[in-house]
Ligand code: NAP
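Single chain ahead, by itself, as structure tokens, in the form predicted alone.
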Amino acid sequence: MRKQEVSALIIGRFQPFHNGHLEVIRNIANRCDRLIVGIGSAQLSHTFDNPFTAGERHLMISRALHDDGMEDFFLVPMVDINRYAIWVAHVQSLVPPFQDVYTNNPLTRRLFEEAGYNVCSAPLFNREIYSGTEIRRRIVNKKEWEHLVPKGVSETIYEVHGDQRLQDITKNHSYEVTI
């Protein structure tokens, strides 16, 4: 009889995927046999808070994880449905079976606990340094940011002209960087 594999789910917007996300995923991957990464708010793009499309984020994450030597993972874009009573069922319909959920979001924790899942806190890694908001601000203000993301992520951002997109969509706003 085959041993029961443990699969874990983590959901994030990853706008963009950064070195803090990579450390969190490494940590979770060491605790499970298979990792499922939900790319949240997949329908959103082209704003300061959500500049990258689900496909672009998928490419960023897959490049970063492959470059890091990870192979046994699933990346699943997840569109928001904004109906909490059926959200867990929505997630279940999109991803392979899983037993553990990693999150620091109180609502996500509550919904998955009520559905009977084992919910763990996602480990945080240098949150004061690794922040999607800070990286986006740096890109807009043409400050150094590439060292905050895996190489495959910066390559993807440049390939899709995401840096220019951020600058274009924020022309009439001030996002001053504090370094």
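When you see a residue number, it is the position in the sequence shown, counting from 1. No experiment lies behind these values; they were computed from the predicted model shown.
Here the subject shifts to the form predicted in complex with the ligand, a form of this protein not shown in this document.
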Inset, instruction - Please check if N82 has a heavy atom lying within 4.5 Å of any heavy atom of the ligand in the predicted complex. - result: yes
Inset, instruction - Tell me, yes or no, whether N141 is in contact with the ligand in the predicted complex, where a contact means a heavy atom of each within 4.5 Å. - result: no
Inset, instruction - Indicate whether I11 is a 4.5 Å heavy atom neighbour of the ligand in the predicted complex. - result: yes
Inset, instruction - Give a yes or no for G132: in the predicted complex, does one of its heavy atoms lie within 4.5 Å of a heavy atom belonging to the ligand? - result: yes
Legend entry - Region of this chain that lies against the ligand in the predicted complex, out of 29-37, 58-66, 150-158, 116-124 [heavy atom, 4.5 Å]: 116-124
Legend entry - Residues of stretch 87-103 in contact with the ligand in the predicted complex (4.5 Å, non-hydrogen atom): W87, T103
